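First, one chain by itself: the form predicted on its own, in structure tokens.
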Amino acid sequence: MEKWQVKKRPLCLERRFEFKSYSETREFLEQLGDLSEEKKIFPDISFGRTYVNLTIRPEGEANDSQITDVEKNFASEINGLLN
């Protein structure tokens, strides 16, 4: 889970991705969209011309929700999109 940060309130994983150009940002977002559809996991996304901020929240609305291997593996797969 390289470079992902665990936030406690609310519990989530967060990461910022920076790119050299809009075309690189767009390509990453397209790949992320495909991965999200495949895994049925949809992170919160905010982006600008050369960056993407992602937040992955654990499934469930309960206060005792935990970040599981599902979220951690998804974060690792997102990292893999950079290669």
Partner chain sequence: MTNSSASSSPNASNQTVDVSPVLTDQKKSGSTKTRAAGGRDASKTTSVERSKKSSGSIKSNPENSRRKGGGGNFGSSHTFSFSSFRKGIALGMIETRGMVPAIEAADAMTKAAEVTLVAREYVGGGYVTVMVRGETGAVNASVRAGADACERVGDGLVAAHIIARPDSGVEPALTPSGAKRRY
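Positions refer to the first chain, counted from 1. Keep in mind it's a predicted model, so treat the numbers as computed, not measured.
Keep in mind that the form predicted together with the partner chain is missing from the display, and what follows is about it.
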Next on the checklist: Considering non-hydrogen atoms and a 4.5 Å limit, does the partner chain approach R26 in the model of the complex?
Outcome noted: yes
Checklist entry - Does the 4.5 Å heavy atom contact test between E14 and the partner chain in the model of the complex come out positive? => result no
Next on the checklist: Quick check on E38: any heavy atom within 4.5 Å of the partner chain in the model of the complex?
Outcome noted: no
